[in-house]
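This document starts with one chain, in the form predicted on its own, laid out as structure tokens.
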């Protein structure tokens, strides 16, 4: 279904959804930093900046309670957290690199174990994607098979038009339902042309060549030079749209507490530290090797997808200037 919506009507739509009790999440400024967060008003939305962290937090929060416990005398009471409590949500202004990451996460969270926390949020969320009109040197979505107008993962996709407003196209029943439920705010598509979209780095590497090299070079002296600068801070994993490592810990006292799921990262020393004291990834090059292997080999082997959408966040925020696109490009030339 193709429609047109003006900037004013888009804001009216979001304000109407908020008034109806729908949780509307979009890029907004928080202490000078754009983040995907719930809106109190459509006027808070920032549509011209890529949020510092990705939209995956709408489905996979940094930390969340999954169970509580209480002990009174010899009686212990365990209470599961009910995923059904999650509210209906519309995630708006999602950049293609973030929207395309969500189907990638679907695979791992619905594989042999069904993560009801992720899946319930996923079921109750409508994703409104937004085409990119700008890019910087860190963007490399085209190198991993995506583009500034990629619609993968979006239920409804918005493309800015030269005369203002947005061309809208639905790609799922959720997207169609959002339009049909508010038809008075949409119009038939006109003849206005789309604005010039972003021009990220052209294709820099051949993913098949990268995969072929990784298949044969688990043990290779190159890993020492590739990871020599990595300090294992985990910033790359925490801003990545598709990294999904987590830990489960009990927090509280002997009397009461919570079992919580918290983000983790394979770049941390303790990530593979055994209770015996042994650590199979006892040096940083081994940990960074796992990061590259997971993104461009292991996930491909398991799910037939690349675990990277080329958003470039890890490049922008790495404190020691590691450029994953440059590393993968070098691998593809070996």
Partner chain sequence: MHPEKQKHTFEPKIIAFVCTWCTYAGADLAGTSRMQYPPNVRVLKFPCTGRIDPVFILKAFQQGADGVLVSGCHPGDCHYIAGNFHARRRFAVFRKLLEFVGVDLNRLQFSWVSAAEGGKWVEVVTDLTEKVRAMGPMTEFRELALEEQWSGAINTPELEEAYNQI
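Fair warning: this is a prediction, and the values are worked out from it, not measured in the lab. Numbering follows the first chain given and starts at 1.
Another form, the form predicted together with its partner chain, is not on view; read the next lines as being about it.
- A residue is said to contact a partner when one of its heavy atoms sits within 4.5 Å of a partner heavy atom; residue 58 meets this definition for its partner chain in the predicted bound form.
- Heavy atoms of residue 17 never reach within 4.5 Å of its partner chain in the predicted bound form, leaving it off the interface.
- Although the partner is absent here, residue 253 lies within 4.5 Å of its partner chain in the predicted bound form, judged by heavy atoms.
- In the predicted bound form, its partner chain stays beyond 4.5 Å of every heavy atom belonging to residue 213.
- Annotated contact segment (heavy atom within 4.5 Å of its partner chain in the predicted bound form): 84 to 92, selected among 184 to 192, 84 to 92, 151 to 159, 99 to 107.
- Taking a 4.5 Å heavy atom cutoff to its partner chain in the predicted bound form, the contacting residues in 51 to 82 are 53, 57, 58, 61, 62, 63, 64, 65, 79, 81.
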